[in-house]
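Shown next are two forms of a single protein chain, provided one at a time as structure tokens under the names structure 1 and structure 2.
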Structure 1
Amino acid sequence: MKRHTTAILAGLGLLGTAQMATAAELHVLNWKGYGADEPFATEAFEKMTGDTVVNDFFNSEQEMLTKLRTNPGLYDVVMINAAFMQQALDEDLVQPIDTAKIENYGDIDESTAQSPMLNVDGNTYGVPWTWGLTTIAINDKAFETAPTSIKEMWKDEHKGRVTIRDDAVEAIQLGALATGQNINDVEDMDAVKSSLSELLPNIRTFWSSENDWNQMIASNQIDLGTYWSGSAGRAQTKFNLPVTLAVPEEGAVGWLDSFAISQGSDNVESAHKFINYMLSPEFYTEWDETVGAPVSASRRAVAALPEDAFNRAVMGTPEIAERVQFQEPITDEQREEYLKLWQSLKVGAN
């Protein structure tokens, strides 16, 4: 059971009458440094509601699911990639969301809001929050002009100067793009295996967090690698690193992140308010301009950015949209196949 703070705050005279009736801890599970834990955001939300935001973090979607399984009722709001929502539903880890309580929900494109990955049997289980790309990011010191092909990572001149995330699904999707295949319908796994085998000698190391990737750039250890579009933006904006995002002609992996309310949450009312705030232009413009962010699922939030902002001027262009292949759910059998292949490739590279 969560430790409610109402009595303590009331005793200190820090809550008004209305807030004394409802103030509590709101537990949020998300990636570290991914919007929800920004100090300006937690401060604004706590001032608005009287609740205290308690952030917890994961480094992979599988870790996120494990934390939901092993801590039933602890978390209120959880960020779930839409492609992983079915796993959460299969294990009854999330509950239906009353979108009528989320005023900013109406600013989401209907096709996105009604994604079958987030809506099942007439219920909404995930509210689209942000979307972005897993694609190439480069060290500006290594290039005069950004590369146009994903095969740049395979070139001999980058031996020991490339990084990719140590994630089986992302690795297979990278191999699919490099071999001209659809990331959601990989027909030639042998071609993927061969392509990744050829890439491994160029890999300096694998990354698992933004901090890993940014430190390699800051110390000039890598020329390029796969990265998330929002992370590349933060590397530029927040850390002033020489990073440029490049969307190759072969395409890029698109992902949609949503907010869900976990099963057993005892602060559902505040969870709805938090999701609503995360969709607001007020939150998003400050996040994007002062930290760096992926693209908001809210049309109104994106429209509030300056006209020349990357997430408005570039990410929304038809040229980019045509190259994006959005992730779809994969089965447990596919995930196991990908993991076995990836582990065998890494062992063979050692």
Structure 2
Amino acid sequence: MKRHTTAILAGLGLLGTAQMATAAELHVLNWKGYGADEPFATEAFEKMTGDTVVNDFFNSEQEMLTKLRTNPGLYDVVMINAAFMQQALDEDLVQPIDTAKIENYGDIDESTAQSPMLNVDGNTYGVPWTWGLTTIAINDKAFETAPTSIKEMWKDEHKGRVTIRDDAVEAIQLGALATGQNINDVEDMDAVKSSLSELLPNIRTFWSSENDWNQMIASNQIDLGTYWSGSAGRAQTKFNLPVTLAVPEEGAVGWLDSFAISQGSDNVESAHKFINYMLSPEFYTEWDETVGAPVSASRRAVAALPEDAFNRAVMGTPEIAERVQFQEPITDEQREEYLKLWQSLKVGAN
């Protein structure tokens, strides 16, 4: 009986593949709820190309790499944080992209598009999609005028009213910015350490999700803290919370998300079309308006937003472009060293 069922299933499967020759599937690997899986987007893409989008998700960059390793050829398009592209390349998980096939590629800033993290040996492996900042956001109730220096977090008057994320890498980068160092090349780790241990008494608690942060603001428990630019925008526009992004003059940490085509993809043609659609103003404006999005890498897409939109009015200003330091790859050894330092700081602080 079971054998029969298998035979039937196989027969159906064959029929299925025969039909799929005209309407193929496009497998996309991305964070859940991060644009590519919006129903409006998959529907629009299906209407445009006839190809069905099949979404799969990861919960960490490590999981994304593991999924690519263990399912070669399954995924067509994969969203990779630029800082992790080198690792994907070392393991031969992605293939070169023909940027000529992506019309909207020209709308990306030259310096971003040519980022050495995404381009190796003359080949382009990642198409910049969105970017954002890890920086400071303030509780409007606590400030007459927004602070301009990162040192505001260290002030006595905010004792017990500061929050930072419980993340070793973000903490070390914050210490590096406060001590005037390059976040990607921290030379004086002792200075970072003493600076962070001075900050810890001011910390109320560590946040781990957007919801944590917004709740602390809603119940007026904090004055300021580190936050992500997109989240601050959402808190302001979607939840009407008194939150303002205050990018300090010492700088801010930037991250860049890109799309890549995985090695062994059987639908390279459609993958290019999908990346092109993800960069289009039609997709981006709807995403930002209905859900809330980070800043698109495409200038044309950002310009299509309403004039007062957070991603255009605040994130698009030249001051921000000047202050951002983009995060570069971190080795596993560095990551472990950072974690150890961060743990010992936390333990020594009570």
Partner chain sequence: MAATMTQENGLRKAFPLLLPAYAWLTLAIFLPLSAMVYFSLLTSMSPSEQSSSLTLENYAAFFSDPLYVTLLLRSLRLGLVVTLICILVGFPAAYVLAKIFKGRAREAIFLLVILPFWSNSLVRVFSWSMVLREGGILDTALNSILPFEVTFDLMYSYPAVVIGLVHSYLPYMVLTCYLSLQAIDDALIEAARSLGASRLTTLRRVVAPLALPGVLAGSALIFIPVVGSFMEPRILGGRGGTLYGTVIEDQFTAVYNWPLGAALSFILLAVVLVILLVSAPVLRKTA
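By convention here, residues take numbers in order along the sequence of structure 1, the first being 1. Quick caveat, the model's predicted, so the values are computed rather than measured.
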item	value
Pair member which, unlike the other, is the form predicted together with the partner chain	2
Where one rigid part turns on another between structure 1 and structure 2: hinge among 131, 191, 96, 212	131
Rotation angle of the smaller rigid part relative to the larger between structure 1 and structure 2, in degrees	21
